[in-house]
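The data below hold one chain only, encoded as structure tokens and taken in the form predicted on its own.
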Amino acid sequence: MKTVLVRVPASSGNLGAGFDVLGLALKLYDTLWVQRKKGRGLQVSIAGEGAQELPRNRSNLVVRTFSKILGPDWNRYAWSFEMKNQIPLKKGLGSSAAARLAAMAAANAFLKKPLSQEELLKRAALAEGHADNVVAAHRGGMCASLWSNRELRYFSIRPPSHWIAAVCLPDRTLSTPKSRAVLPKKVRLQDAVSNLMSVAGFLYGFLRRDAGWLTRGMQDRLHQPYRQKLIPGLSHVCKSAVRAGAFGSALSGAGPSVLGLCSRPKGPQVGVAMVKAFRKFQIPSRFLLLEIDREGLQVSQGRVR
């Protein structure tokens, strides 16, 4: 009998201008225990986020992904999955990326010839359809990723310990496919140039740990203007976060959550300001103050509580 424990952090993709490129790992975790037993069969238990809606059979994303990576060994044993989820579903905090990563990492631990971490990360990114959340959740910190000759390249930057994320979660969900469906096939040249300038400023701010570059560095003209119709008050919420002391603010991934990067002392007032801003558009919300995860995906053998 063998047990594998996997812990994977939440992540915020895009960070404004870095559409499908930039991601930030956050200290909010999904934990997965997988146990292999003699015999055959499947047992799935889920606690926390998604406990009332996620399937407890082979159609579960974690189970489905795990069995695909494991291959023929799937049918040779009985499997027990225990999931404890802290990452909200369909809120723009990388829940699907976390599920896929956790499943792949767990299955990899059971393989006789395990995949390299680079191959595991590449497969997760291809399955997710974009690499920003996957890379951040796997590596920790703030990550930038790109594809080069069909290979995934990336780097990670560790931000200062006093930088945190205030994340405002509206009382609604938004699927990534629906959020991506409103994006145009072509964008104006000036909008593309504006985003290039933002990304350059954002990366410089992180590399030099200079928060003064992040307000401009998180301004976006490629995806947020089009997603505003799905998230009423988005622009107002982002501006309210900055006025309250955030370095910069942007839609978290595909939304509908909004992230404000700020110093630890400013976190509560930034969160409150975003909640009040959403309230003006008759949207109830709550906020979380999340530290930046610097470790990424963690895998261990045995049962650990």
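Predicted model only: the values in this text are computed from it and were never measured. Residue numbers here begin at 1 and follow the sequence given.
Another form exists, predicted in complex with a small molecule; not displayed. Remarks below refer to it.
- Figure note: of the listed segments 157-165, 173-181, 192-200, 231-239, the one touching the small molecule in the model of the complex, with heavy atoms no more than 4.5 Å away, is 173-181.
- Although the partner is absent from this view, R139 stays clear of the small molecule in the model of the complex, with no non-hydrogen atom inside 4.5 angstroms.
- When contacts are judged by a 4.5 Å heavy atom cut-off, A254 counts as touching the small molecule in the model of the complex.
- In the model of the complex, the small molecule stays beyond 4.5 Å of every heavy atom belonging to E291.
- R227 belongs to the set of residues with a heavy atom inside 4.5 Å of the small molecule in the model of the complex.
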